[in-house]
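Only one chain comes next, encoded as structure tokens, the form predicted alone.
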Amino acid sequence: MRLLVGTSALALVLTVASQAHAYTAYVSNEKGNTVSVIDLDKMEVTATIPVGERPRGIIMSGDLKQVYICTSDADHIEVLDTETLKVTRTLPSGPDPELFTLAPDGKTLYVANEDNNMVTVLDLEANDVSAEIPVGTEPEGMGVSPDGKWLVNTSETTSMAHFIDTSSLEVVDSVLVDTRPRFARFTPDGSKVWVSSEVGGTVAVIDTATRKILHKVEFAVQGLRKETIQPVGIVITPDGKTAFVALGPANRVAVIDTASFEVKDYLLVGQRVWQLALTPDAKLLLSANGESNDVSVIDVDRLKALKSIPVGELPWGVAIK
């Protein structure tokens, strides 16, 4: 009986993996100073790459040929070639880069520099900093609208979401949210931006046009103290209907209906889930689980965790090619 159950589970994993179209995940390991490369067909790590000190934010380039990595304690951004799996160059970033976002045209990186309260604008074609934008204290979360017109930065200590006009590179509005905002994600149509507040324990849904908070999503997991539920990373499905929120030491990913803002489910994953990433076909959701040193792979249609994949020490972020 045990053999049958095991075979069935393995078959399910392989079936879902075969639908993943040979996707590859890149996981930044904050304490291990490495990036783990995961083959999502095989559901296993195929390479471990040494990078600079304290890698956190990680994102694909526009052409999918490179991976940008915030090496926070090295005070720069490293560029990893996806073919050779070698770090080919570094980019200037300002001190302590933590998170960044890529403009839709793939030509500009917007980087949050936690130590100097600035957002650095990095021209990727010129390989140089084109501007610095003063924001609140301890900037972290970075989100850009699908049309590229709006940039949102969250400042942890100021507890604000700063709306930046990308044409003027000026802060035009700041929205007060709950304590310690960590992440910003625009909806696919750009009409709203979701901002997670780690200590406040909520996600604020903000109207892009009016910069007014439309709703605050709250969380309650049976058997857990409220202070252990700490929203961080957010992803939204391409159809805009479902949001997933990483809940930190609650070891859960919340599933939210974006129309009603109702929390539909809590998915149990590894310990201290931090950042999330969807495969481009939105079939698989990956979570970086810092304290259990693994990545959970979730079947989005079935809302079920399929597998835990061991990676490096203190996994922080995930990018998928």
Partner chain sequence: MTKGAPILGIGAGLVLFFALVFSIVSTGHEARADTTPLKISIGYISEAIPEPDPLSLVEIVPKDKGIAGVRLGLEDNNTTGKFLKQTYEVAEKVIPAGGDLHQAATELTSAGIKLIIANLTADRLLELAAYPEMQDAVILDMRTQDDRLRSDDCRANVFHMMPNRAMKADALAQFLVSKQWMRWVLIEGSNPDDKAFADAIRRSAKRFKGDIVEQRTYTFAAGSRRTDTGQAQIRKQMTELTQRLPDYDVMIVADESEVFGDYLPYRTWDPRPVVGTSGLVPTAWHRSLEQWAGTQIQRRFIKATNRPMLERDYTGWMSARAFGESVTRINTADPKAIRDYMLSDKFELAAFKGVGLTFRHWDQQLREPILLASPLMLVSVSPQEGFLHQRTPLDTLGFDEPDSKCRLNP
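Please read all numbers here as calculations on a predicted model, not as lab measurements. Numbering follows the first chain given and starts at 1.
Only in words, not in the display: the form predicted in complex with the partner chain, which the text now covers.
> Quick check on this chain: which one of Asn127, Ser167, Asn116, Thr88 has a heavy atom within 4.5 Å of the partner chain in the predicted complex?
Checking each option against the partner chain in the predicted complex, the one that comes within 4.5 Å is Asn116.
> Counting non-hydrogen atoms within 4.5 angstroms of the partner chain in the predicted complex, say which of Pro92, Pro104, Gly190, Gly136 makes the cut.
Looking at Pro92, Pro104, Gly190, Gly136 one by one, just Gly136 meets the 4.5 Å heavy-atom criterion.
> Is there any non-hydrogen atom of Val177 lying within 4.5 Å of the partner chain in the predicted complex?
Output for Val177 is yes: heavy atoms within 4.5 Å of the partner chain.
> Is Val171 close enough to touch the partner chain in the predicted complex, meaning at least one heavy atom pair within 4.5 Å?
Judged by the heavy-atom cut-off of 4.5 Å, Val171 is in contact with the partner chain in the predicted complex.
> With heavy atoms only and a cut-off of 4.5 Å, decide whether Arg225 touches the partner chain in the predicted complex.
Heavy-atom contact with the partner chain at 4.5 Å: present for Arg225.
> With heavy atoms only and a cut-off of 4.5 Å, decide whether Arg56 touches the partner chain in the predicted complex.
Yes, Arg56 sits close enough to the partner chain in the predicted complex that at least one of its heavy atoms falls within 4.5 Å.
> Counting only non-hydrogen atoms, choose the one of 79-87, 143-151, 234-242, 193-201 that falls within 4.5 Å of the partner chain in the predicted complex.
Selected stretch: 193-201.
> Heavy atom within 4.5 Å of the partner chain in the predicted complex: which residues of 153-176 meet that condition, in order?
Thr157, Thr158, Ser159, Met160, His162, Val171, Asp173, Ser174, Leu176, in sequence order.
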